[in-house]
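Only one chain is included here, represented as structure tokens and corresponding to the form predicted alone.
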């Protein structure tokens, strides 16, 4: 496999690096301490992203997006992984699920997200339904030409207050060979819909400035025209979103790992103890060697998944392997970096402690490491099932 960047990809990577150096890095520490991104700063980043063509770079040119392939998008996500999600999130990459919009939905939801006028959230997780999606309790009951939604969602993340949510709810039951199965449907629900309440959720130790929201639905009535895709086909949308989302987590983990490795290497080369740079001691140098090796292995797994996605044959286990290995390698790299820095690695004066905190989240969201191992092992054992 050839993972060498072509000229266009190198130009895009160089451009996003310059963008991040100028528009993101200077504000990371202050927004992390504040636990939020000031509205004017978020708008500033969004406007700059529009000017440079990075906004909606993941969507096809036919709808006004950048039309980039998955491999190039993986390179962009890798660079964005180096910075705070709270700030990088304003370089919006609207979910590809919005391409399922039809008719009036295109002008109400898809096109405003492409232009940066609106921002969506993906509302799937519930207090009783995290890794076990089918345990969801939120229901949408048909009433004439409308659906009445009742239930709640939590851990719904976004850099800012969204304009609408893609909400997944039970709309019935289907009989399958394994027994009754919940029929899941996706709805486009505007923030101002009666019966829809959204409030800030608890602050996370990782990505402190990245907001999490709690969504509540109390007899929230929406038209059948607000179904995204087809009734009962919500899980197909979920599977599509989760698979590429896991690859993007892997890519972002690689970016964060590279930033940690650069910080650790510079410190090891300049910090002196016992009359010599600490990088001369194997206790330090071997950590750097392990970090560099695992970074390259993680990059290869992620790029392998991206190239398969471009060919249309990426599997769930490809995505699971990329996320599992990259996120866990990142955790080890973050811990090694703190150890190399010693006490200074836990001080807020340096970015290491923030990157260490932020790294922990990658093994949880978009499917825990345990879920990824389940997906991989199930694919291995499936041929032996009767």
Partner chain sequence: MKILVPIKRVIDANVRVHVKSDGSGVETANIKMAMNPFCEIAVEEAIRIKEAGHASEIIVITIGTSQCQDILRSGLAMGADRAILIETEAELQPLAIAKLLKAIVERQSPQLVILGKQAIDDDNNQTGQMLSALLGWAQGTFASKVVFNDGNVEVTREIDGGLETVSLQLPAIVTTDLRLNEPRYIKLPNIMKAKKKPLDILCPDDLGIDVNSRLKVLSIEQPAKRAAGIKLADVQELMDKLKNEAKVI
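From a predicted model like this one, the values you see are computed outputs, not experimental measurements. Positions refer to the first chain, counted from 1.
Another form, the form predicted in complex with the partner chain, is not on view; read the next lines as being about it.
In the model of the complex, no heavy atom of residue 369 sits within 4.5 Å of the partner chain.
Taking the partner from the other structure, the partner chain in the model of the complex has no heavy atom within 4.5 Å of any heavy atom of residue 345. Among residues of the shown chain, residue 51 is one whose heavy atoms approach the partner chain to within 4.5 Å in the model of the complex.
By the criterion of a heavy atom within 4.5 Å, residue 17 is counted among the residues contacting the partner chain in the model of the complex.
None of 321, 57, 359, 352 but one reaches within 4.5 angstroms of the partner chain in the model of the complex through a heavy atom, and that residue is 57. Proximity to the partner chain in the model of the complex holds for all of 7, 11 and 266, with the criterion being a heavy atom within 4.5 Å. Residues placing heavy atoms within 4.5 Å of the partner chain in the model of the complex fall in a single listed stretch, namely 61-69, out of 29-37, 61-69, 328-336, 313-321.
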